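Next up: a single chain in structure tokens, the form predicted on its own.
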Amino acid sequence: MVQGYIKGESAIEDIPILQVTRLTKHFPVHGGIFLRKQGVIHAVDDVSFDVRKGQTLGLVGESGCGKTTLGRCIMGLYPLSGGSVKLHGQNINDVTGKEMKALRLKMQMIFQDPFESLNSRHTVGEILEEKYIIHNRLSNKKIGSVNSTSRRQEIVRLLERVGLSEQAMAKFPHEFSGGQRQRIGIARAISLEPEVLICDEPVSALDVSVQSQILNLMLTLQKDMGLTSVFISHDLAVVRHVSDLIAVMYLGKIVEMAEAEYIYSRPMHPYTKALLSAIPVPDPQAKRERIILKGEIPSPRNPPDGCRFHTRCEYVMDICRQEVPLLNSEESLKYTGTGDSNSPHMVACHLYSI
């Protein structure tokens, strides 16, 4: 488990800067001689949440649950099958051309694998300069020009901000370690000072010894820049220390959402409890009851009826096989006592609605 980082205090305003409403993303499956449509993959189904200014939403779940797809849908990299994503109340799916280019200034993404997301044919200076060229910022001259002083100075400042030196500008991505490449990816994401940052498992491809350094860097940048973040990860130990609000996903749906302290101290959904029981404990003498889930995750191409978790749940009832549980907070407040919280504890489970 990664240790050594502490979530910084950031000013969270009561303004929903990012609003995701009933977001749905299905991928068609084609096959046969004429490549006819044979079905769809239900990657994300009916997901809704708000993220306030200065807040970090942690999005957790097993591999294949739809976390990355959701992040790319928020960024507008995938067209939606249904629902909406709004930034400052503006639906990003309704904008094109110059309006989308303007929105790109406000919302950026850090990708999981920095080696894949950085152009191996470009130097670090060229990679970081690219956004300034696209958005016509600072000098219009290339870095190789003697008149590109302002742009060069800004890139040097960016590198120093993420813990790299000016000498990095002339090097290529393969000349750096994984942690250093992710610092370059972070520098590129914050170069135009966005308001929202989508972080797609930014430390999962790094050594454990480097993860805390990158997380500390991201927390410092969030505090200094007032960033609003969606932090995607399968590591609940990491998410706990960087998130204000946590949403747990299973097979394309959010099954539980609450403030971080309540998810870890008072988990409600059986799936959340199983995930938390799998977190390694640094004390070898500590005893913890491990919850082992039976069966395999159903295929997103043919998800089960009713509650999607019912095929693996030890508390399954007849209603679980028939009706989809709603993500609501009214009943859950009775069980957790979190009624005075700014963000209610929400759970999609028939155990709390019968």
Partner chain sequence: MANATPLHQLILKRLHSNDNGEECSSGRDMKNDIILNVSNLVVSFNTENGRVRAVDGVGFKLRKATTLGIVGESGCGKSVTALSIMGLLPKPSGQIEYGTIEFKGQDLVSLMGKSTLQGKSDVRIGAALLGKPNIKASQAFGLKSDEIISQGESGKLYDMQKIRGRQISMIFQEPMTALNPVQKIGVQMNEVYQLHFPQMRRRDMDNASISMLAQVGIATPDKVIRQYPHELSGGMRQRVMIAMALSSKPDILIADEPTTALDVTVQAQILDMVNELQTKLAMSVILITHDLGVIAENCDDAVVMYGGRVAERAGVAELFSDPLHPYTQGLLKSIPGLSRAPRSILPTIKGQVPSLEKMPSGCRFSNRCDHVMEICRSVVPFEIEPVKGHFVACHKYSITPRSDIFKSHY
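All values reported here derive from a predicted model rather than from experimental measurement. Residue numbers count along the first chain shown, from 1.
Although not depicted, the form predicted in complex with the partner chain is the subject of the following passage.
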| query | finding |
| --- | --- |
| Which of 79-87, 100-108, 242-250, 116-124 sits within 4.5 Å of the partner chain in the model of the complex, heavy atom basis | 242-250 |
| Exercise: residue 208 in contact with the partner chain in the model of the complex, heavy atom 4.5 Å | yes |
| Close approach of residue 28 to the partner chain in the model of the complex, 4.5 Å, heavy atom | no |
| Interface membership of residue 112, the partner chain in the model of the complex, 4.5 Å heavy atom rule | no |
| Residue contact check: residue 293 to the partner chain in the model of the complex, 4.5 Å heavy atom | yes |
| Complete contact of 311, 317 and 353 with the partner chain in the model of the complex (any heavy atom, 4.5 Å) | no |
| Heavy atom within 4.5 Å of the partner chain in the model of the complex - residue from 255, 238, 92, 197 | 238 |
| Heavy atom contacts to the partner chain in the model of the complex at 4.5 Å, residues of 206-224 in sequence order | 207, 208, 209, 210, 211, 212, 213, 215, 216, 219, 220, 222 |
